Structures are given as C-alpha cells and as structure tokens.
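First, one chain by itself: the form predicted on its own, in structure tokens.
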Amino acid sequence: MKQRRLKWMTLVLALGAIMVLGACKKKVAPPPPPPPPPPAAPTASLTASPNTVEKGQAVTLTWETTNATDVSIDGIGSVQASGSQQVTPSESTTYHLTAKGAGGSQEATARVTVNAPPPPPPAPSPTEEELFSRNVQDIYFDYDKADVRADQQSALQGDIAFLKEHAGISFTVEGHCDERGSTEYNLALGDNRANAVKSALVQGGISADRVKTISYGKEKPFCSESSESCWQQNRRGHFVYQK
C-alpha cells in the first residue's frame, strides 16, 4: 500500500517538475518588421500654350513633376521639378520631358504646330503690251537712208519671231529722222523708213494688216543734242503697241 502511494507521489512530482521546466523555457522572439515600401514612382505632365502658332510666335511650356530628382526637356536641357518657359519653335515640334527619381522615370510630351507663312502670291503675268515693250526692238538707219542695215537684221529677226508667237498683237511702226534737213523732206524719209520696216516684217511672215505706219520726220526726236550719237537714236523705225 505504501509503495503504491509512493509511486503516485513520485509520478505527481515528476509531472509537476515537467510543467515547471516547460514554463521556464525562453519565450519565442517576435517576427521581424516588414521591409519599407519602395520609393514612389515619379509623375510628370507637360503642356504647351498655345499649341498652334504662326512661325515666329512664342509658346509657353508648363510642366509639373513629383518624386523626381532629375528633370529635363529635349532641346532645353535640365529644368526645375516644376516650372514654365517660353520657346519659339521654328517648325512643328514635339517637346519631350523626362523625370527621373529613386522610384523610376516618367515621360510627358507636348506637341506644338507651327503654321508656315503662306507662299507669296505669284507675280502677275506680264501683259501683251509689257511683253511687246520688252521684246520688240526698234530698227535704226543710216543718215539719209531708208534701207534696213545689215547690223539691224538680228533685231529685225527677233521682232519677227516675237510677233509670230503673239499673233493677236497689232502695232504701228513710226518713222523718225534726225534734225538735219527740212520738215517736208524728213516726213517723206520717215515714211520710207516706216514702210521699209513693215516690208521686212511682211517678208518675214507677219500679216500686213497687223502693221500700221506713220511718219513723224524730225518732229518727235528721242534725243535733243546735236551730235552723231544723238542723231543715230533719232533715225529709227519705232514700234508702238496698239491697244
């Protein structure tokens, strides 16, 4: 009986010791704290005002960024994190902003359209009268002569070529003389000169009904000096456009 009681007591003591020992064990350490959140990614915006201009006009670029330590705009360079700047693009341009920070990078763009100036209006086409004045040359004569000189053939052929290309033009050939000789004599000489030019034109293929002739003799000189160089200017068959 005593032995059985002793066994129970021993068992109870052993269980108590086990419980005491279990209670005395070191407590488990708490888990480590979570890692810090990653850096925030940058944000970026870029606008242009106005976004359509005429060439030579200024544009204001405005930008805003967050979480960025390095901000740049193509064609401008490094800029503040937020701000504005005037630019004058010479042609249509897309401005490109890049914002970089610990959390990565972000881009933004703004398009500016530059309207080219309209082309100048085309020069007005010359009138037939202007073309006539530019292209038809007078024919000059020797003193007291009414035959077309050899050195005037080139000018005469140029006149014929132009008049053939502009078949609708009618004109007058005026006969002129220098101051020497009587009025009556020079009127007759001027008439001969005008008709000599007309005859050469007709022989070259110009219709006679397009050509009128008149003589002014020495009454309408082109030059008023009494010198050979001046007299030569006055001895001519002069072309006048008929409106």
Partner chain sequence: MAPVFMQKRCGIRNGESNLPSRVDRHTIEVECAGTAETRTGERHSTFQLLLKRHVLALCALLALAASCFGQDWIRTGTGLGVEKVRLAVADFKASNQDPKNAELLKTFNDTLWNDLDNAGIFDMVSKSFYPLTVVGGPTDIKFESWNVPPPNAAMLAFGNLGVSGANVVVQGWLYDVKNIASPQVLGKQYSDAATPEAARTIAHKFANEIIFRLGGGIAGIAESKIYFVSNRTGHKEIWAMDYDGANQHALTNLGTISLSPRISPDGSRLAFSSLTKAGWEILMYSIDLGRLVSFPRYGGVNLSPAWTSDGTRLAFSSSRSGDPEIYVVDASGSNLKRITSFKGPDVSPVWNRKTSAQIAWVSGRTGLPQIYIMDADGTNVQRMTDQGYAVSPSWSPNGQFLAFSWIRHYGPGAPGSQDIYIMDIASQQWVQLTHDGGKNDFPSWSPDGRHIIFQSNRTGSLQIWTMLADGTGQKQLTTSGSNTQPNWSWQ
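This structure is a prediction, so every number in the text was calculated from the model and none was measured. Residue numbers count along the first chain shown, from 1.
The form predicted together with its partner chain is left out here; the points below concern that form.
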I'd like to know if N67 sits close to its partner chain in the predicted bound form, meaning any non-hydrogen atom pair within 4.5 angstroms. no
Hey, in the predicted bound form, does Y143 get a heavy atom within 4.5 angstroms of its partner chain? yes
Is L61 near its partner chain? Define near as a heavy atom within 4.5 Å, in the predicted bound form. no
May I ask you to check whether S182 falls inside a 4.5 Å heavy atom distance of its partner chain in the predicted bound form? yes
Which of V211, A44, A188, A48 has a heavy atom within 4.5 Å of its partner chain in the predicted bound form? A188
Can you confirm whether N195, S215 and K220, the three residues that make up this candidate site, all sit within 4.5 Å of its partner chain in the predicted bound form, judged by heavy atoms? yes
Heavy atoms within 4.5 Å of its partner chain in the predicted bound form: which of the stretches 202-210, 32-40, 172-180, 52-60 has them? 172-180
